[in-house]
Every structure is written in structure tokens, then in C-alpha cells.
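Before any questions on binding or motion, here is one chain by itself as C-alpha cells, the form predicted on its own.
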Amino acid sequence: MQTLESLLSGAVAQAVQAVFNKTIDPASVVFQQTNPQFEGDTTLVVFPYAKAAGKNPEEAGKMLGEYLQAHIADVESFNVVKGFLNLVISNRFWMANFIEASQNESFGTVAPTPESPLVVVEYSSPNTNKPLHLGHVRNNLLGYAVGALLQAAGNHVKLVNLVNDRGIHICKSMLAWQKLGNGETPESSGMKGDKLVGKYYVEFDKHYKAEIAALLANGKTQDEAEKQAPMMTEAQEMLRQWEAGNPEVKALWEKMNAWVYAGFESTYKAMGVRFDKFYYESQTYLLGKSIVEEGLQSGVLQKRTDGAVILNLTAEKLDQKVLLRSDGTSVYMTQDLGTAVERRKEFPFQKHIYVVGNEQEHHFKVLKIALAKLGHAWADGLHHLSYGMVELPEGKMKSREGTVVDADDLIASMEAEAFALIEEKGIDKDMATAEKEKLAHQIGMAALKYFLLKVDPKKKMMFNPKESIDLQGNTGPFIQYTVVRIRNIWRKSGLTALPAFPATVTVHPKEKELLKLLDQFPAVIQNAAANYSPAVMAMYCYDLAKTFNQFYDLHDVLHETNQDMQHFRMVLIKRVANAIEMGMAMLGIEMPERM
């Protein structure tokens, strides 16, 4: 199938040679979307060619347009607006591509070959002292969708999760449960394991603050009170005992982590995300020590007078990064160095994507430089997908104070909103309870996922549950409703297979818009994957759904009297539904059977 770019880029190079006697590389020719105010299917920016030819942009555009119209049969007409050449492409071109693509149900996706790149996507990375919350939800949905888009673009993809299962924050929950829990378990309390452990993380903070207040009242300074509070000193001692391998501390750690993992698994299932492999910080935190020692011997790293090992990044206008403390213990960067090297051995990736919030930008910048300086050329393939935080209308969330929006509670509330919508719209007529519950989950998760993914990952965002569930506008449920609407049309038509129609059928303007959008599907996948941006695919699915509904408001497909036209339109809307369903699946969003 010929793309619009392949049709025009070589022709533009020929035109520049013929009209201006200048040689350009066809690969350098760039087109952009035509301004909706003007007629055109694609636009060429003329300024570079006009300057080289010594012409004004309008004159240069007119000369290039005349050449292209004369030499390319599918360039039907053109117009020039200042330095922009807007080209109108014939319906014949769009129809030919449409007919060819209609024979391929997986049109747009690329099947990976043995030679295709391997991309590792690390996402989620929760702490085992609390349940997943709204911030984790954005992380998980981004990681899963980026992986799906990269796979659809022709890459081999591995999805991995590095669980932060050790450290002082874990010991805080353990100590609070030990002191205050009275043997409480998920079974005895009826709570999910991750929520139970999170409850004691909050309890630790409450008691710790009370102890600080008491010490302050007895004349201690703030710094002294924070360091001397019994809850904190006992938690620090518990961490030392864990690192020393104390069997009782280890047993408690294993028991409480097992509660958390069972809770995480349930939440991951509800979110519809998956992982090819789990890593655990307790197994990886010492990996980087040998790498640091090798770097010290080679002279890449230096030892300070206090014994700490550092990487001097002042030449890169960064700081001196400690990789081993003066007492020989490792830091997060040490662990990440070791984990990256070991993971590269296990999965020889060309790209490695870390899905982590933007507060860690400095960390991953240093990690990439450090690995490169230590001789790992593949470090160039590391990328930090830095995303903005999610806030609510009520403000920021704080884990220690128990003010986070729990992921399970959020999912349940979205399902409840969807359940109310189903009843309000009468969608549940003749539905069994199980079907109604499944539909509520599909609509609720579509609302949640689409709302979080339609925003560019780099941007901070405000999540509004009420806005996300609407059946109108730029929402997941609106797009779902469009696909269900198309399926209903097909059911009523009685067709069981794609009907034939002549390529010469008349195409109306709104149909041409749909043809053009469908033609863009492969490029949208590649663009979304290359930019690690599910928002690109989300907006494409919305544009396609919106344009279909505009088309359907104008044309009654089922009652079209011209059979050739009806058959063309039935194939057209089937392709629309297929593209939306494929695109939304890459975002982890299911399409209901009815709605």
C-alpha cells in the first residue's frame, strides 16, 4: 500500500530540481497536517525551498504546486497560503488504500521478526508498606500502554516490575504491627493484605508524631526529637537486624510482604496490567557493589577522604554522586547500576524504558551517565519516561497521613459511577447481574484509563471522576459507545462478512475524512510508540469516534437505497470500529458487547 509520504516526497524532490534547479534528499521532505481553515489533505512548508531558490514563499509554492499537479495524477488541486502549500489528494488514492487495508484485520500493526529490537519497560515499582494509590494507577496504565504500543509498532517487549520490598519504610509498618496489631491478619480483619500493612504504616506515623510532641514538650529540639523518638530508633534497629539476617525479623518481613503481594496481585488484575518478570529490591540492592569496585579500580570512580566512593560529574554540570557510603553500604543508585547490568545480561535490550515520576529525573540522568562512563555503551538505550503527578480537586495526596486515594477504592468508585450510569440510561434492560457487573467494570475502567492516558505523560494532571464517566465528549465511555453503536448497525444489517463494492463509488466529504483517518492508523501507532505517548493513540481514537458520529448523523447507512453505496459504508464503519477497538486495546481498554 502506498503511503501519502511515499507518493509525494520523491515528487517534491523532483519538483525542486525541475523548478529551482536545486537537489534535495526526498527523505528530508516533511509534510504537516493542513490547517482546518483551508482546503487540503496535507501541507508542505515552502520556506526552505523558496529561500534556496531566491523566490518569495507564495511564488515558490505556486510553482511547486503546479508541477506536482501536472506530474502526480493523485494531486487534484492545491492552494498556497503564505509559505504553506496545501495539496488536495484525489478520492481515488484514499479509496485504493482503503480497499487494500480492508483485506487485513491487523492493518496498522507490525509483527516483530527475530531481528526486531527488544525493549524492556519497567513500571509500577511499588513499595510494600502500603497499597497502590492513584499515582501508581497512572504509572501502571502508562507502563502497560507504552509496552502495548511498542509491541504493535514491531518491537519485542518485556514488561518488568522492580518491587521495593526492603528499607526503613517497610520496617515502620512491621514495627507498628508488632507493637499495635494484636496478631491482626487479612483473614481476621477482612482487609486486603496491602491495605492492612498500609494501615500500620499510617499508625507508625501517628505514634511517631506523638512521641516527637512529647519530647519537644520536655525541651528537646525538633532535630533531637525526631532522632530520639523511640518508634524511629526501634525501626532503625529493626532494619539493622533485617540486614544482619535476624530470623525473627526476616520471618515477620516475609509474612507481611506476602500479605502485600496478594493484595497487589488483585489490584493488578482489576487494572488489567501484567508483567513478564518481577524483581525484588531485597535481591538486587547489593548487585552494584562489585560494579562500583571495578569502577574504582579503573579510575572512573574516586574514593573520598571519608571512604565514600563517588562519581564526579562536575564536568557534566552535575554534582558528585555517592555510589557507596563511607561505611560501605549501598545507595539506590548502586542498586540501579547492578540491576541494569544484570537485566541487560538477561534481556539484551536495545531500549530500556523506566516509567517513573518526574521527581526522579536527576536520578535517571545520573544513572545513564554513570553506566556509560563505566563502559556500558548500551546505556545510550536507557530512557526515563518522566510523567507528571496526578492531583485531585481536593489537593495532593500524602501516604504517611493516610490521605491517598487507594487504587482499589478508586476502581470501586468508578464501577459504582458506571453502575449508576447504566441504570440511569436504561442500558441494563434484560441484563443478568453478572453481565451488568462486567459492563460496569468495563465502562468504569475505560473512564479511568482514558482520562489518565489522554493527557501527555509529561504533564501534571487533575483527575476528575465525574468528567471521566460521561457518554458525551472526549471520554472512554463515549468511544466505547461509538463501537457498540457500529456493532448494532452491523447486527441489524444481517451481514456476516465484508461485502464487495466498486472502487468508483462516490465518496462524500465526511467519508473522505474517515478514509484519511483510517489511512493514518499505522503512522499513529509508530508515532505513539516512538514518543512513548499513549495520549497520541487516545486522541486518534477520539477523533475517529467523533468523525464517525458526525458522518452517521448525516447518512442513514441501513436505509441507503444504493446497494454499492451501502456496502461501501458498511465496510467503512466496520473498519472504523476495528481501528478504534485495536487502538483502545493498546491503552488496555475493552469494548463492551452492548451498551
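The term rigid core refers to the most C-alpha atoms you can superpose between the two forms while keeping them within 1.5 Å. Keep in mind that this is a model prediction, so the values were computed, not measured. Each residue number is its position in the shown sequence, starting from 1.
Below: the form predicted together with the RNA, not depicted.
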| property | result |
| --- | --- |
| Met595: touches the RNA in the predicted complex, heavy atom cutoff 4.5 angstroms | yes |
| Non-hydrogen atom contact Arg325 with the RNA in the predicted complex at 4.5 angstroms | yes |
| Any non-hydrogen atom of Trp259 within 4.5 angstroms of the RNA in the predicted complex | no |
| Contact test in the predicted complex: Arg485 vs the RNA, heavy atoms, 4.5 Å | yes |
| Residue among Phe521, Tyr481, Phe98, Tyr123 with a heavy atom within 4.5 Å of the RNA in the predicted complex | Tyr481 |
| Met462, Ala503, Ala111, Ala432 - the one with a heavy atom within 4.5 Å of the RNA in the predicted complex | Met462 |
| Stretch in contact, per heavy atom within 4.5 angstroms of the RNA in the predicted complex, of 205 to 213, 345 to 353, 150 to 158, 77 to 85 | 77 to 85 |
| Candidate spot Gln178, Leu196 and Pro247, all three touching the RNA in the predicted complex (heavy atom, 4.5 Å) | no |
| Within 28 to 49, the residues that have a heavy atom no more than 4.5 Å from the RNA in the predicted complex | Val30, Gln32, Gln33, Thr34, Asn35, Gln37, Phe38, Thr43, Val45, Phe47, Pro48 |
| Core-aligned C-alpha movement of Leu313 between the shown form and the other one, 2 Å or more | no |
| Lys303: Cα shift of 2 Å or greater between the shown form and the other one (core-aligned) | no |
| C-alpha of Lys82 moved at least 2 Å between the shown form and the other one on rigid core | yes |
